[in-house]
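Below, in structure tokens: the form predicted alone, a single chain.
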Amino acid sequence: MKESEIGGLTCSVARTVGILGDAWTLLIVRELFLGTRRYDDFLAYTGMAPKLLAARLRRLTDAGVVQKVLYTEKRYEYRLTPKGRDLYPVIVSITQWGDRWTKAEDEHEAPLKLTHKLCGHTIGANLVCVCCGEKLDPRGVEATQSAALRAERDKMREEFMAAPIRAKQKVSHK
């Protein structure tokens, strides 16, 4: 499968990765949440090449995550749409994971502190059950695949196993 085909799969993770699935795109989204709006500022804060930035902004715009807003006669700003703002918990989760697992040895504080304006406390991402309020982790959640996802995954596995190199190896892992 080609990387460009990932977004066409049945899986919601794959579809999301099809839009956000590279480091540059996530840095653009980070910058949008930090208030960056203008093309030159994205270049300055990410270190991206202009053609790469233009392509990623176009992909985010085409996907409805970002909108271009004219702010002078010939210049645009980029702003998150409601669809883009819904990525906030994702960015907070990535930030929290990075603070825990990628911290430099000489780093004594997190590079970015997120504070709840209303109460003044530092925030973090927590998944909780909307019904009972219990904190969730992978051990306490059952993932049920739709029939379409199961069929797609079975087909992909069959195609993988039928490939000439796999048939010779007689690999059978489930």
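In this text, residue numbers run from 1 along the sequence as written. Just so we're clear, the structure is a prediction, and the values are computed from it rather than from any experiment.
The following text describes the form predicted together with a further copy of the same chain, which does not appear among the structures shown.
Proximity of T61 to a further copy of the same chain in the model of the complex: non-hydrogen atoms within 4.5 Å are absent; the residue sits far from the partner. Although the partner is absent from this view, R75 stays clear of a further copy of the same chain in the model of the complex, with no non-hydrogen atom inside 4.5 angstroms. a further copy of the same chain in the model of the complex comes within 4.5 Å of no heavy atom belonging to L70. Taking non-hydrogen atoms only, A44 approaches a further copy of the same chain to within 4.5 angstroms in the model of the complex. Residues of 1-27 placing a heavy atom within 4.5 Å of a further copy of the same chain in the model of the complex, in sequence order: M1, K2, E3, I6, T10, C11, S12, V13, A14, R15, T16, V17, I19, G21, D22, A23, W24, L26, L27.
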